[in-house]
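Heads up, the chain below is alone and in the form predicted on its own; it's given as structure tokens.
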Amino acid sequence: MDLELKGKVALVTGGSRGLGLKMAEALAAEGMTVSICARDGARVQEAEVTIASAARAGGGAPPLGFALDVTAPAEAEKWVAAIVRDHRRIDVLVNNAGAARPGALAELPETAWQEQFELNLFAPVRLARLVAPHMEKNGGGSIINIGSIYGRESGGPLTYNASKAALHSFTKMLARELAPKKIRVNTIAPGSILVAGGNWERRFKENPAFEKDFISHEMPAGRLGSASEVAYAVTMLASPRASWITGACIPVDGAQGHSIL
């Protein structure tokens, strides 16, 4: 199926590794021009090589990597401005960059809460505000926010759960606001995803007994998800063929979550 993405432009935050890198690869494989950003410049350069291979296979343009911090307003503004200047359009924004800060309420200073909300909520808000006028000018677009099953229900660290829940709420309301402008806004809520070098891999290597117990109790399918499985959902929502999907929160969790909504 032609997803009608060839020649369009996508931005992916946190695109140098893990979920973000797989998302960028998947979009590039559909012939999109993909720009990624991350804080680590060396990793951005490594990711560009990986994404370029997918782009060649899909007949797309080389990727565009930027080393920047999306929580810094000036840096986010320069990124968007550079893409618009050189490519005249932005069709897809994937707000993937995020992090979790564990700790009980008494252990977490106010700065920890501020940092989590800056990255998990305010950076997506800022980028949506920056790209929406360009999407409207070109007849529409797709904003995809990467939330979590622990934004739909209880679970995960306090700061993470609260900030992701806020992101889910923001997504729904923004979808209603931007629908008349043909800009779709959706959330993907991954469950526990196994990524090479990631948190789950590290924890399982440190404690094989915990891995067995966690999977038997939490994962009905008997395994964790993969980054590619989340990336496929992103590609679907990016496509104009998903024209009537907006304001949705789509779990990609192998039935791990318990929410009925």
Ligand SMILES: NC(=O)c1ccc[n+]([C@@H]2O[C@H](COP(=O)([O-])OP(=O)(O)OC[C@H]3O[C@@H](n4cnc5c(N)ncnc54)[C@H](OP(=O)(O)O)[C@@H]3O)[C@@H](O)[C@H]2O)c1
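What you are looking at is a predicted structure, and each value in this text was computed from that prediction instead of being measured. All residue numbers are counted from 1 along the displayed sequence.
Just so you know, the form predicted together with this ligand exists too; it's not on screen, but the next bit is about it.
Although the partner is absent here, Ala54 is not a contact residue: none of its heavy atoms lies within 4.5 angstroms of this ligand in the predicted complex. A residue is said to contact a partner when one of its heavy atoms sits within 4.5 Å of a partner heavy atom; Lys164 meets this definition for this ligand in the predicted complex. Within this chain, Val70 lines the site of this ligand in the predicted complex, having a heavy atom no more than 4.5 Å away. Taking the partner from elsewhere, Thr50 is found to have every heavy atom lying beyond 4.5 Å of this ligand in the predicted complex. Picking from 232 to 240, 35 to 43, 56 to 64, 214 to 222 the stretch near this ligand in the predicted complex, with a 4.5 Å limit on heavy atoms, gives 35 to 43. Between this ligand and the residues Val84, Ala112, Leu119, Leu130, the one pair within 4.5 Å by heavy atoms in the predicted complex involves Leu119.
Not one of Gly151, Thr187 and Ser259 places a heavy atom within 4.5 Å of this ligand in the predicted complex. Although this ligand is not shown here, in the predicted complex the stretch 186 to 216 places heavy atoms of Pro190, Gly191, Ser192, Ile193, Trp200 within 4.5 Å of it, in sequence order.
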